[in-house]
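The chain below stands alone, shown as structure tokens; this is the form predicted alone.
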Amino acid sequence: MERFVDLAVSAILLAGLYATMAYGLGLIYGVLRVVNLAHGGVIMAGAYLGWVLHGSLGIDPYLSIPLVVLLSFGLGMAMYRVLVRHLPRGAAGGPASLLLLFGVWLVLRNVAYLLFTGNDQAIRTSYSTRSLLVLGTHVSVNRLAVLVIALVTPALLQLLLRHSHVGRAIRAVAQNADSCTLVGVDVERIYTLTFGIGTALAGLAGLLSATIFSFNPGFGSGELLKSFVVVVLGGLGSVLGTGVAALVLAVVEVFAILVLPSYLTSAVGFVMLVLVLVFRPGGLFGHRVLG
């Protein structure tokens, strides 16, 4: 029973991180219909940004969240305004955007190699080794903090989407951009803001990951793949579905260690992805428009 509780707690904590990584990817696809392959690079950049702020300026990683989010938001808006919006109309969700954003990812990774070398780094604070007793098992303070932030993030995202003028405009553009243009909505502005918000969420996920795991310039590729699994499993465009799918993936991966060798547990999520695409292409909650 104690083993079961330990695994259950680990799964819940891991689900929080998976959900945070996937929200930005799902938001950008839900509105722009763009598969953002630069998502993994931004996660890596968020990790390094938090590391630099902590190591050079002594800013606590959790106190640096607003700055990391703001800088990532600016990066996302710049990526859209300088690159993505110049794609031919109708090509935003096609091979052109995939190649473009994959190129952005490669640029981010190689810049990181030039600036920081390929050595593993980690954000270490005075409380990194501390833990609290939760349900009879010791849990890292950092993992608990990540879980709390992972619960707050979708709540704030839903408040933005449902109870603000910008959020209602984002949802409207996601449903029918041409009709929004006819009634005077600045669709390009909404696309820019959405890309910025999605990128900011990726930067946040990178910072949170860096408080738990070590990272290097290659960091982000596995996180991008996990984000794909969560977004597809939960239903493209579904905020609630993303959270539930993150929990499902984390539970399956963590409990798979009981029956599979540890080196195979990471493949479980991709087996789930294939099964979902074959038997339920719409995901657990179907295709939603930011629902």
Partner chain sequence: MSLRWPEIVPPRAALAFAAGVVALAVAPWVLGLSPYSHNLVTLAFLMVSGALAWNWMGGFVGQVSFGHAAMFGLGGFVAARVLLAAPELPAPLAWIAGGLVAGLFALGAHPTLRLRGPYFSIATIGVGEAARLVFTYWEDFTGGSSGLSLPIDSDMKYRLYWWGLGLMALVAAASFLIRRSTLGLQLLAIKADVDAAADVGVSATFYQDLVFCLSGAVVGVSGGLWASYFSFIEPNDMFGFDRSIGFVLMTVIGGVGTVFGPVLGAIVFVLLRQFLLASYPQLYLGLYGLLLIFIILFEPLGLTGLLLRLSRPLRRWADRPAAAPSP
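This structure is a prediction, so every number in the text was calculated from the model and none was measured. Positions refer to the first chain, counted from 1. If you superpose the two forms and keep the largest set of C-alpha atoms that fall within 1.5 Å, you have the rigid core.
FYI, the form predicted together with the partner chain isn't displayed, but the following is about it.
- Screening 181 to 189, 113 to 121, 198 to 206, 155 to 163 for residues having heavy atoms within 4.5 Å of the partner chain in the predicted complex returns a single hit, 113 to 121.
- In the predicted complex, the partner chain sits within 4.5 Å of a heavy atom of residue 87.
- Not displayed here, the partner chain is kept clear of residue 135 by more than 4.5 Å at the level of heavy atoms in the predicted complex.
- Contact annotation for residue 78: none of its heavy atoms lies within 4.5 Å of the partner chain in the predicted complex.
- In the predicted complex, the partner chain sits beyond 4.5 Å of every heavy atom of residue 151.
- Here is the short version: of 63, 70, 264, 57, the single residue with a heavy atom within 4.5 Å of the partner chain in the predicted complex is 264.
- For the options 225, 251, 240, 53, the residue carrying a heavy atom within 4.5 angstroms of the partner chain in the predicted complex is 225.
- After superposition on the rigid core, displacement of the C-alpha of residue 11 between this form and the one not shown stays below 2 Å.
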